[in-house]
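Okay, here we've got a single chain as C-alpha cells, the form predicted on its own, with questions on binding and movement later.
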C-alpha cells in the first residue's frame, strides 16, 4: 500500500459510522505507521470509522500504563530496541562501547518486565496487538556484524522470553516475525535519514507491512469451519479404482510425500475442530479399503461425511453442507481438477476453492500454508474438540422429522439437559466467539468488540445467559448466548445467537422459557434486524408471532406459551449457591 492509497481509504470512511478507536503505542514518531494502520483496519471494518490515536512520544511503557478501559477499542504496539534502552537506538546521545553493554542489558530486562505488566493489564479488557523489534541493532557490539555477540544474544533471548509470556495472555496477540520477514525483508526496513530528521525509523514499505500485520491481529478474518476434499491425486497419489487400494501412496517411497503432508494437516485441523468431509467420484468399496489402511495419516474417524459415488461433486458438497448445517462461505473445497473446482464454485457461490498442485512442490508448500491461514485461530476451546463428534452422533436429529409423532417421541427420548450460566463474566473467550461468528441464528448480525462487550456487562440491569447442551448422543458444549438488560418489568435482548449444531432440538424455546421463569418480565423486547443469513431465526420468531419481524418487537409470556411446543429438556441453572433443576413439562 502507498501512503496516498492509505489517505484515500481514510478520506472515504463515513463520518457517521460508529468509531473504532485504536491507541498506537510506539517510542518513535508514528507518521506513516499511524496512517497505514488506520487504512488497513478501515478496509476490513467498513462499517466503522477507524481512528488511530498515537501514545506518548519516546515513552511506550508510559503510554501503555496510561490506557484506560472505555477510552479505546484496541491497542497496537510497535516495539523497537530503543524502547528497551535509548542507547539501542540512533537518536540517543548515550555512549555505546563495551563498558555500557552490561548496563544496557540490565536496563532492557527491566523495561521488558514493565512493558509486559502494562500489556497484561490492558489485555484483560481490550485486544492488544504487539509487534516486537523489527529493526537492526546499532553497531554497539565488539564483534563484526557477521558474528553474534554475547550481549546481542542476551537481548534477543530476553525478547523471546517476553514474547512467550505475552503469547500466553488472553487478549494479546503477536505479529509473526517470520511472516513479517517475508512481507518486509530486513534490508529494506530501516531509514536512518528519516529516523534522524523526523523520528520515524521505518521505510514507507516497512511501515505499511507493520501496519498491515497489526491490523490483521486486531481484526482477523473469521476462520473457515469446514474442508471438503477430493481423494484421488489429492488425499493420496494415484487412482484407486485403477491401481487398487493398496497401491495408492502418500509417502517418500512412492514420491508422494506432498499427499502425506496434506493428510497430516487435515488430521491436525480435524483435531482443532475443523470439519473434514469427502466429495469423490469413486468406487465406494475401494475407498473403504483405503480408509482401513493403518498407515493412513488422516484417520477416518476424523472425516465425516463421505460422499463417494459417480455423481456431480456439487451435489456431494450440497449434502455435506446440509449435514454440517453451515454456509458455503465457511467452507474450503480442495481438488486436483480445475474443472471440478469450477463446477463446485458455480453451484456454491462463496465457497473457497483450492487447487491441489500434485506435481508442483513449491505450489504445494504454498497451499499448505494457505490452508493453515484459512483455518487458523488464536486459541482452541473445549467446544472445538466436540464439533465433529456432536455432528456425527446427532445425525439422527437431522433425519428425524421435527413434527409428527415419530419426531416427538425422538425428542422425548433424547435425555437432553440444558445448562444456563447467568454469571456476568467476560472471561470465557468462547462466548464472544459465538457472538461474532454465528450467522444463521443471530438476532441482528451485530459484531461486538471486547471493550464494548465488557462495558455492557457492567451496566445496571445487565443480563447474560450462556447456554450449554448435552443429550444421549453426547455433549455439544456452549452453544448459545443471550445478552441484554432488565428495566422494570421489561427484558430487552440485544444479542441472541445459537450455534447451527443445536438446531432442531427446541433449545430456543427453552431459552425463552427460562428467561420468562427467571426474570418474570411482562414482555421481552428483541432488538431484531434481518440479515441475509438469519432466516432460521426469522422463521422461529414467525412460528411464535405469525409473521417474520421487520425490526425491534416484543413478545409476551401469553404469546409464547400459546405457541410453544412440548419441551422435554431438563433445564439447570448453573453456578448458583443451590443449583436449580427445572424439568419442562409438555405444553
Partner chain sequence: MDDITTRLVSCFQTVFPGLPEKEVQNASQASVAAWDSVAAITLANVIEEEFGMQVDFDRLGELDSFQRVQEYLLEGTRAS
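Numbering follows the first chain given and starts at 1. Remember, it's a predicted structure, so these values are computed and weren't measured experimentally.
Below, we turn to the form predicted in complex with the partner chain, even though it does not appear here.
Contact check for residue 31: a non-hydrogen atom falls within 4.5 Å of the partner chain in the predicted bound form. Taking the partner from the other structure, the partner chain in the predicted bound form has no heavy atom within 4.5 Å of any heavy atom of residue 425. For the chain shown alone, residue 198 is a contact residue for the partner chain in the predicted bound form, at least one non-hydrogen atom being within 4.5 angstroms.
Using a 4.5 Å cutoff between non-hydrogen atoms, residue 11 counts as a contact of the partner chain in the predicted bound form. Here the marked residues 258, 264 and 367 all miss the partner chain in the predicted bound form; none has a heavy atom within 4.5 angstroms. Screening 115, 204, 332, 451 for any heavy atom within 4.5 Å of the partner chain in the predicted bound form leaves a single hit, 204. Interface residue among 193, 379, 168, 459, judged by heavy atoms within 4.5 Å of the partner chain in the predicted bound form: 193. With the partner omitted here, the stretch from 31 to 39, 521 to 529, 535 to 543, 63 to 71 that lies within 4.5 Å of the partner chain by heavy atoms in the predicted bound form is 31 to 39. Contact annotation for 1 to 19: residues with any non-hydrogen atom within 4.5 angstroms of the partner chain in the predicted bound form are 2, 3, 4, 7, 8, 11, listed in sequence order.
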